[in-house]
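As a starting point, one isolated chain is supplied in structure tokens, in the form predicted on its own.
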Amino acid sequence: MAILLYNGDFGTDAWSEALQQQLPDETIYCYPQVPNREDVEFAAVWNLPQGELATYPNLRAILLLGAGGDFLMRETRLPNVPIVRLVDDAVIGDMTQYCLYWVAHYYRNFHEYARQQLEGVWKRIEYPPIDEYRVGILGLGNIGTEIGRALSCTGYQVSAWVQSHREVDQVKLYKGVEEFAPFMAQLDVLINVLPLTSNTHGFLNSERLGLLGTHAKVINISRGAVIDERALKSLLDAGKLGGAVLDVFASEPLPSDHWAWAHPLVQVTPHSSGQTYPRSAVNSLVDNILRIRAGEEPYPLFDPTRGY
């Protein structure tokens, strides 16, 4: 039997080497080089072309090579096998560092100092005590929870909005529809970590983004389509938001004529808030392959009907 490997535009060499080191007796097919589809037992993939997964008759599991699985939501027919999310502490650490950097960037007014430098202005800008700077998180899964804890440990006042009751150390929770507006209104920075699902597509629309104060900044590290980009631009242009850091977009790679490239209040990064490291992430794949072969359930499972 064989493992199918595909990592979109990022290439498969590092993954293939890491898998072969831990499973030296395995046959690895790097898509599209698949000599025999009946051999494929596991599909370790990211952004595989639509419809491809349904063509492997002996598939036992789909192992995701990225933090999300929204590319599966376009499939009209998925194999009836477990889909396993990739959880790698190294990726979570990278995304946490990304958020810590950009929150500090705004908190300490580095965006203003950059403008002052262009004008030759030497002027110190005051900032509040760190425990008065309010950072909110949308999406309190593994990544959002770690980001919240790190920000809290740094000293920021951290809150999150959730739809159901839970307890998270060091993070103040706002719950349910009735507490969404108060949550948004008190923030200096909003970090979006919501997964892209049918319910979150366009979730941060003009009405919801408009609940933020005019000084507030938005950081998006989840998926671009969670934010209505036209609504975001309108609010920025009207002076109703203070700025945005956008790592993800509805269309990627970002088209050269997209408004975000040249907007004075927007920082663009190329879907780089977190990087998957095959040398560490491969452990999750191997563990789950061994679990399945031992008759155990893999973990953590991805639910394509929910999008996470």
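The first residue of the shown sequence is 1; numbering continues from there. Model, not experiment: these values are computed from the prediction.
This protein has a second form, the form predicted in complex with another copy of the chain, left out of what is shown; the following refers to that one.
- Contact annotation for the candidate site: 124, 268 and 272 all lie close to another copy of the chain in the predicted bound form (heavy atom within 4.5 Å).
- When another copy of the chain is considered in the predicted bound form, residue 237 lies well away from it, no heavy atom lying within 4.5 Å.
- Proximity of residue 61 to another copy of the chain in the predicted bound form: non-hydrogen atoms within 4.5 Å are absent; the residue sits far from the partner.
- Taking the partner from the other structure, another copy of the chain in the predicted bound form has no heavy atom within 4.5 Å of any heavy atom of residue 198.
- Though the partner is left out of this view, residue 108 does reach within 4.5 Å of another copy of the chain in the predicted bound form, counting heavy atoms only.
- The contact residue chosen from 117, 76, 214, 80 relative to another copy of the chain in the predicted bound form is 117, the criterion being a non-hydrogen atom within 4.5 angstroms.
- With the partner omitted from this view, the residue of 206, 163, 170, 97 that lies near another copy of the chain in the predicted bound form is 97 [heavy atom within 4.5 Å].
- Heavy atoms within 4.5 Å of another copy of the chain in the predicted bound form are found in one stretch of 243-251, 23-31, 51-59, 36-44, which is 243-251.
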